[in-house]
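Single chain ahead, by itself, as structure tokens, in the form predicted alone.
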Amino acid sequence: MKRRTFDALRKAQADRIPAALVTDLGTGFQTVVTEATQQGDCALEDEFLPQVYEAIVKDRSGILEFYDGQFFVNVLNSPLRMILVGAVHIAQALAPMASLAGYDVTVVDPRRAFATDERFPAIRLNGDWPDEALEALRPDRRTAIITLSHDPKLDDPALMTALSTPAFFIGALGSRKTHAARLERMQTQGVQADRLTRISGPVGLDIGAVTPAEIAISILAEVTLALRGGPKHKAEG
């Protein structure tokens, strides 16, 4: 690997930008591809790039063919992360489920009585106020952010901060009435209505969930849907 290719790869990883190292198996030329850039030995054809982007989104490395050429696409995405705001009962169920699904989970709650190691064994806890915690955690395109506290003092600033990040999923727990009131509050604080459409609320697929564990399942299912691209998508191979 040439130095400039290596540097481009390191920068993408340091900035937590989804990327792929594409190697032309015929020539050995290598190119680092992100959504916005290409850096390396040569520029890839515009008609070929959608296949590379799709591999990045699906987080799936492998050989792709384009006309007579073969290319090994090595996807080098940052780890999946999930940030939960509110150390409530649903978070106790959702955090271990999300960990099993491959997420690096952080529970944010400044209320020390809720965010304890006893209630969240093996889960990273953050006791800062949610907006400060999110700014420090720097959510990227591989991050899901979900507010669960039902407390506007915690959820609202977290959501407003989340909207300034490229997180692939932002969700908020609460009834439709609660969510409508939340959106109204945020608009009065200057958030544009079109930006609020990024928030999924009430978060979770409608599966008739009742218990905290069932609600956690519905939330994780919706996050998975957002990550993988649709109910009809099925893994290949």
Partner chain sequence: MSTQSADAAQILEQAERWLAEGRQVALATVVATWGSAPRRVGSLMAINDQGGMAGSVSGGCIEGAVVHEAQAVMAEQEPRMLSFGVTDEMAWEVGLACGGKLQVYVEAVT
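As the structure is a prediction and not an experimental result, all values here were calculated from the model. Residue numbers count along the first chain shown, from 1. What we label the rigid core is the largest C-alpha set whose atoms superpose within 1.5 Å from one form to the other.
Heads up, the form predicted in complex with the partner chain isn't pictured, but that's what we're talking about next.
*Does the partner chain get within 4.5 angstroms of any non-hydrogen atom of residue 74 in the model of the complex?*
Yes, residue 74 lies within 4.5 Å of the partner chain in the model of the complex.
*Hey, in the model of the complex, does residue 12 get a heavy atom within 4.5 angstroms of the partner chain?*
Outside the cut-off, so no.
*According to a 4.5 angstroms non-hydrogen atom cut-off, is residue 36 in contact with the partner chain in the model of the complex?*
Residue 36 lies outside the contact set for the partner chain.
*Is residue 212 a contact residue for the partner chain in the model of the complex, using a 4.5 Å heavy atom cut-off?*
Contact with the partner chain, no.
*Pick from 169-177, 57-65, 182-190, 201-209: which stretch has non-hydrogen atoms within 4.5 Å of the partner chain in the model of the complex?*
Looking at the partner contacts, the answer comes out as 57-65.
*Residues of stretch 127-156 in contact with the partner chain in the model of the complex (4.5 Å, non-hydrogen atom)*: Residues within 4.5 Å: none.
*Look at residue 61 and decide if its Cα position differs by 2 Å or more between the shown form and the other one after superposing on the rigid core.*
Yes.
*Core-aligned CA displacement of residue 22 at least 2 Å between the shown form and the other one*: It does, since the residue 22 C-alpha is displaced 2 Å or more between the shown form and the other one after the core fit.
_Closer or farther in the model of the complex: C-alpha pair residue 57, residue 81 (3 angstroms or more)_ = Relative to the displayed form, residue 57 and residue 81 draw closer in the model of the complex - a change of at least 3 Å between their C-alphas.
*Just say closer or farther for the C-alpha distance from residue 14 to residue 164 in the model of the complex, relative to the shown form; it changes by 3 Å or more.*
Residues separate in the model of the complex, at least 3 Å farther apart.
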